[in-house]
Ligand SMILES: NC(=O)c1ccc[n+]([C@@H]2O[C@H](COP(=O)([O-])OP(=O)(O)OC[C@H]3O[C@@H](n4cnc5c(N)ncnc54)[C@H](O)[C@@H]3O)[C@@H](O)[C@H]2O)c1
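Okay, so here's just one chain, in structure tokens, the form predicted on its own.
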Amino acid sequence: MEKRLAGKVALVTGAGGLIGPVVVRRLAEEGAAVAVTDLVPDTAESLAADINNAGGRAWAAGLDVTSEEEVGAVFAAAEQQLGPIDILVNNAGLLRQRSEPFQLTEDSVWKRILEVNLGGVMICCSRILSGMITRKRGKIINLASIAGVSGLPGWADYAAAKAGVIGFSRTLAMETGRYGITVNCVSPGMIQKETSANSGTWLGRSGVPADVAALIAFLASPEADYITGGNYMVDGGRTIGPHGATW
């Protein structure tokens, strides 16, 4: 694989879960040194060990993206260990397991969804921007969702948070473009561990984490230096329009 990110340092939040590990490994394969962070420290450390054992360069830390103090400390430690952060991938997120109408959702629940999915992105961007502005370069890639574009019944809080991520990212792209910083969103649709048939997409299948990681790696690379403010769907065409509808 071409080392498009050789010499770069990337930090990934929410590196556990379904998509995170594949993103971390893809960035490392592309040549980046990766700061692997997750709410569960053991998860981050295991991923970093895999990368280091494979000949890459990684460092790990536990990270709660809703804590301003923790974000500041971890980001500073990552830069001390690996060097200035060139690429920030805000992948940390939270989705309720149970669907329910918004009127039945407790205030503490929807506030937590917003705090993690939107607030966490804003805190991490706030911490990283001063260094990127000083160096006049940087790539910020925020994970949103097709729920933020089309809505998602039963998960109104999640849809609102992801729509907020998209709007925030577009505005941040406007504010930071003059400094050579690009800000983009990636919005996954139905992503599963393995590909399976899915009648809800125009390609007739679900996506896999590698589909998302490939786009993130591209947006992080020099090939995407003239791309900013975008929200890119990885959804098999699901948001194009209804599939199987008749006139």
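Given the structure is predicted, the values throughout are model-derived calculations rather than measurements. We number the residues from 1 along the sequence you see.
Below, we refer to the form predicted in complex with this ligand, which is not included among the displayed structures.
Asks: Please state whether all three residues 30, 184 and 230 have a non-hydrogen atom within 4.5 angstroms of this ligand in the model of the complex.
Replies: Looking in the model of the complex, the three residues 30, 184 and 230 all stay beyond 4.5 Å of this ligand (heavy atoms).
Asks: At 4.5 Å between heavy atoms, is residue 144 in contact with this ligand in the model of the complex?
Replies: It does: once this ligand is placed as it appears in the model of the complex, residue 144 has a heavy atom within 4.5 Å of it.
Asks: Is residue 140 close enough to touch this ligand in the model of the complex, meaning at least one heavy atom pair within 4.5 Å?
Replies: Close contact is absent here: in the model of the complex, residue 140 is far from this ligand, nothing within 4.5 Å, heavy atoms only.
Asks: Quick one: does residue 63 come within 4.5 Å of this ligand in the model of the complex, counting heavy atoms only?
Replies: Close contact exists here: in the model of the complex, residue 63 approaches this ligand to within 4.5 Å, heavy atoms only.
Asks: Does at least one non-hydrogen atom of residue 14 fall within 4.5 angstroms of this ligand in the model of the complex?
Replies: Taking the distances in the model of the complex, the answer for residue 14 is yes, it comes within 4.5 Å of this ligand.
Asks: So if I measure heavy atom distances to this ligand in the model of the complex, which of the stretches 128 to 136, 74 to 82, 170 to 178, 156 to 164 falls within 4.5 Å?
Replies: Single hit among the candidates: 156 to 164.
Asks: Would you mind checking 212 to 234 for residues with a heavy atom within 4.5 Å of this ligand in the model of the complex?
Replies: Not one residue comes within 4.5 Å of the partner.
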